[in-house]
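One chain follows as structure tokens, the form predicted on its own.
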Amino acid sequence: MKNRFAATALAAVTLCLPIISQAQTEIQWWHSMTGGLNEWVNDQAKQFNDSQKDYKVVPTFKGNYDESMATATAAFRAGNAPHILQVFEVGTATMMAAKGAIKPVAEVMKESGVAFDPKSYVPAVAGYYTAANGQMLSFPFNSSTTIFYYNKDAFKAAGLDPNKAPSTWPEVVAAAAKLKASGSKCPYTTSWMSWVQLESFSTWHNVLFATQNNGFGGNSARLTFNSPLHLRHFENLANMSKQGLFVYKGRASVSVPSFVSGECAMFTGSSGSYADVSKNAKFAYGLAPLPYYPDVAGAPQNTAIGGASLWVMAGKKPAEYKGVAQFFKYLSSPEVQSASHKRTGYLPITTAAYELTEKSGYYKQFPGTDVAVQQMIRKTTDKSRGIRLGNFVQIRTIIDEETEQIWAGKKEPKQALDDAVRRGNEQLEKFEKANKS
């Protein structure tokens, strides 16, 4: 009798399982995270799914940032776009212009009845994704900024102080020379040429990358990164390259493994690279602020935002938007944010998450992990708020193409920067014409 009851109960449970499964509303989330960050994204979705029974977030890797944007655009036109799309900060102006394709995140939260206070987010992060009318358009997710990494073991071997990172560009050159003399074949390298060496460089030195306050003032912005200061910096990098002190490894984040493996001793790149460095580096390393030129008034100011945000695509059902809102609420909690910040090196996107992390003693336990936050929470100026331009993806490609001519010895820095500005402005003119209101 007992066995018959157990069998009947098991059958009832089995019959119920498909019903529970069918009742879940599925939320498709397209992203561009790889390696350790891919594992982080999958864990975020799993932990949310395990926390409740109404919604199931399904993360899907869709290629790098450029590729996922292109794929999502095609999917939207075909009527099968995802609910959530991760878009890097460079695509922000393009997404803002695609008004029929997106649903502002503030609207999603309000209609779903989920409390949402934009003021709880770190100002420099929230401001970047907020429209002129004060409405937050996308959800800050993996916000990062540019920082300086160095190999303490290599510094020690070269006779440098392993507990003191170069804080200025002249100091970087001097350290690179000593590292080379001690046998390093790659004293210094960088990722994201435009973001690190031009965009962050500009905000860090409180000079404009483009007019109209770097595009925040309107679509008529034009590029200005061929100024005397920018030229001075690229002439400096070109000289370092000729002497073997700077080694160009490739576009985007291609150079990250060169530092993680120990091949390159100094590296400038995303704070988000901390996930790979902390997991895989077999040497002692240090994190430090981005170098600057000490004779430039106003430097250092603050670095530029990077990483990506989550955009909600238009045309979905109200129940699906409620699921999106619940997922964003989950991601915003101080505990989840603080854990993500510690794991990845991305910024804590809310002030509460930063305070929770600080209170836990994490920054004292791991010196340097607060560098990215400290660089971003400073009061920004009109020149340092960030850079938000149309066709920015194409402009970054142009900058890669032109600056690669310098490292290959085919163009002088002035010619390369002038050509990048000219070609980039052509992209801005196209964007302005296509988006006249």
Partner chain sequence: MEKRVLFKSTWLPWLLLAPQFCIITVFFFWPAGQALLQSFQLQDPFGLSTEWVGLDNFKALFSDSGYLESFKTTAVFSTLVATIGIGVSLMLAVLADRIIKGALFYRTLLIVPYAVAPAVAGVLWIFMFSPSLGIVSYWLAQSIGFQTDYLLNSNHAMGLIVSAAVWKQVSYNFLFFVAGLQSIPKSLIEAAAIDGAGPWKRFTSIQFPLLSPTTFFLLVINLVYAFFDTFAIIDATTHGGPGRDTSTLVYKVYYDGFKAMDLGGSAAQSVVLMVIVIALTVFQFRYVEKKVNYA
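Keep in mind it's a predicted model, so treat the numbers as computed, not measured. Numbering follows the first chain given and starts at 1.
Not pictured, yet referred to below: the form predicted together with its partner chain.
Participant: Which residue among Ala299, Ala101, Ala288, Ala177 has a heavy atom within 4.5 angstroms of its partner chain in the predicted bound form?
Facilitator: Filtering the options by heavy-atom distance leaves Ala101.
Participant: Only one of Tyr330, Tyr363, Tyr293, Phe76 gets a heavy atom within 4.5 Å of its partner chain in the predicted bound form. Which one?
Facilitator: After the contact test, the surviving option is Phe76.
Participant: So which of 371-379, 393-401, 45-53, 32-40 is the stretch with heavy atoms within 4.5 Å of its partner chain in the predicted bound form?
Facilitator: Result of the contact check: 393-401.
Participant: Candidate spot Glu26, Thr60 and Ala325, all three in 4.5 Å heavy atom range of its partner chain in the predicted bound form?
Facilitator: No, the whole trio is out of contact, none within 4.5 Å by any heavy atom.
Participant: Check Arg423 for me: does it contact its partner chain in the predicted bound form (non-hydrogen atoms, 4.5 angstroms)?
Facilitator: Residue-level check for Arg423: yes, a contact with its partner chain.
Participant: So in the predicted bound form, does any heavy atom of Glu263 sit within 4.5 Å of its partner chain?
Facilitator: Taking the distances in the predicted bound form, the answer for Glu263 is yes, it comes within 4.5 Å of its partner chain.
Participant: Can Trp169 be called a contact residue for its partner chain in the predicted bound form at 4.5 Å between heavy atoms?
Facilitator: Contact check for Trp169: no, nothing within 4.5 Å of its partner chain in the predicted bound form.
Participant: Hey, in the predicted bound form, does Asp66 get a heavy atom within 4.5 angstroms of its partner chain?
Facilitator: Yes, Asp66 lies within 4.5 Å of its partner chain in the predicted bound form.
Participant: In the predicted bound form, which residues of 403-417 put a heavy atom within 4.5 Å of its partner chain?
Facilitator: If the 4.5 Å heavy-atom criterion is applied to its partner chain in the predicted bound form, 403-417 yields Glu404, Gln405, Trp407, Ala408, Lys410.
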